[in-house]
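One chain follows as structure tokens, the form predicted on its own.
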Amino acid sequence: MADIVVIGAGLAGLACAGALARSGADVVVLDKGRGVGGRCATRRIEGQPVDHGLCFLHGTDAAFLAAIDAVDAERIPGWPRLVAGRGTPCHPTAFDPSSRRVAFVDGVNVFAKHLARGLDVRTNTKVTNLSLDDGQIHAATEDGAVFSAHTLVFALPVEQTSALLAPVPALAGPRALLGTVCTHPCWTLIARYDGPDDPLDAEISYPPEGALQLVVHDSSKRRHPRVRTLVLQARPSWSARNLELSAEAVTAILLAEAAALLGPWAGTPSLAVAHRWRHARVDRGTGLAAPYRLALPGGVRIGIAGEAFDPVGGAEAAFRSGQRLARRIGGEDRC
């Protein structure tokens, strides 16, 4: 039993849980993954970090930027500074003069870990079923545990939240609302190359056409990188059409486009690892203006936050929606 259970340890869930915990609430955060952060994801391959979700953070919101500034980790202000290509960035406002950009030498996941510090986070904990009774909501997990609370916060991709709401008739309203939101997938490829990590003409390239939306010179963010590492991200439309392709087929297609863009060397990495993000980005035409809160008979409260619940989009939106939902749950923000 806890005061509040938060499902999802991405930036929205962590921002919400942190604000609630600081107000004195007993909060438990559950996440099916091995670590925190969601798409704020960093892998280590032979000790070298690789950002294979978000490649940098950006925003204008004072609270979001203050949280980034509070991270005790080496950063690269203004990254990326060398940008090439006429293609469309994931979030074009990232390059507005009013927006601050930052990358972390040890990977963007240090931000998520900073937000998780001091919280009761249970990773490898997948919620599979919900039920309501006696003024409580119960979240049952894959391993048979049950977490009960008077308030339950969802900070997941809207499709995953909708699936959890489906068996509970009293939650048909928020489920219908979630049906208006659309997310896009993204195939991502980590490619590592033998030899020195000499500078490239750009830290990020945005091809104007083809399967690739961006090519990131990830190792340009690392201190004394052992090898050159690129991260290739496919366009949402291409990823949706080819979501069920094998990793091998996706790898071949994305490497061929990288070679056409950068030179033959880019098509022959010593290691290539493909990752399929099924819910990578929110369709900016379908997002909602604010996090959702619902009070049910008996005192149970439901909250929903995430990138889809703030108009600015991206990591900044996820963080802002989580903090605002915490204020709404605490009664500080009624609208």
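Model, not experiment: these values are computed from the prediction. The first residue of the shown sequence is 1; numbering continues from there.
Missing here is the form predicted together with a small molecule; even so, the following discussion is about that form.
### Query
Here the chain is shown alone; which of 303, 53, 269, 49 has a heavy atom within 4.5 Å of the small molecule in the predicted bound form?
Of the listed residues, the single hit is 53.
#### Entry: Option touching the small molecule, based on a heavy atom within 4.5 Å in the predicted bound form, out of 149, 156, 181, 211
By the 4.5 Å heavy-atom cutoff, the listed residue in contact is 156.
#### Entry: 4.5 angstroms heavy atom contact with the small molecule in the predicted bound form for residue 315
Taking the distances in the predicted bound form, the answer for residue 315 is yes, it comes within 4.5 Å of the small molecule.
### Query
Is there a heavy atom of residue 4 lying 4.5 Å or less from a heavy atom of the small molecule in the predicted bound form?
Judged by the heavy-atom cut-off of 4.5 Å, residue 4 is well away from the small molecule in the predicted bound form.
### 4.5 Å heavy atom contact, residue 76 and the small molecule in the predicted bound form
No - in the predicted bound form, heavy atoms of residue 76 and the small molecule never come within 4.5 Å of each other.
### Message
Considering non-hydrogen atoms and a 4.5 Å limit, does the small molecule approach residue 292 in the predicted bound form?
### Response
The answer is no: residue 292 has no heavy atom within 4.5 Å of the small molecule.
### Query
Of these, 76 to 84, 261 to 269, 193 to 201, 120 to 128, which stretch puts a heavy atom within 4.5 angstroms of the small molecule in the predicted bound form?
So the stretch in question is 120 to 128.
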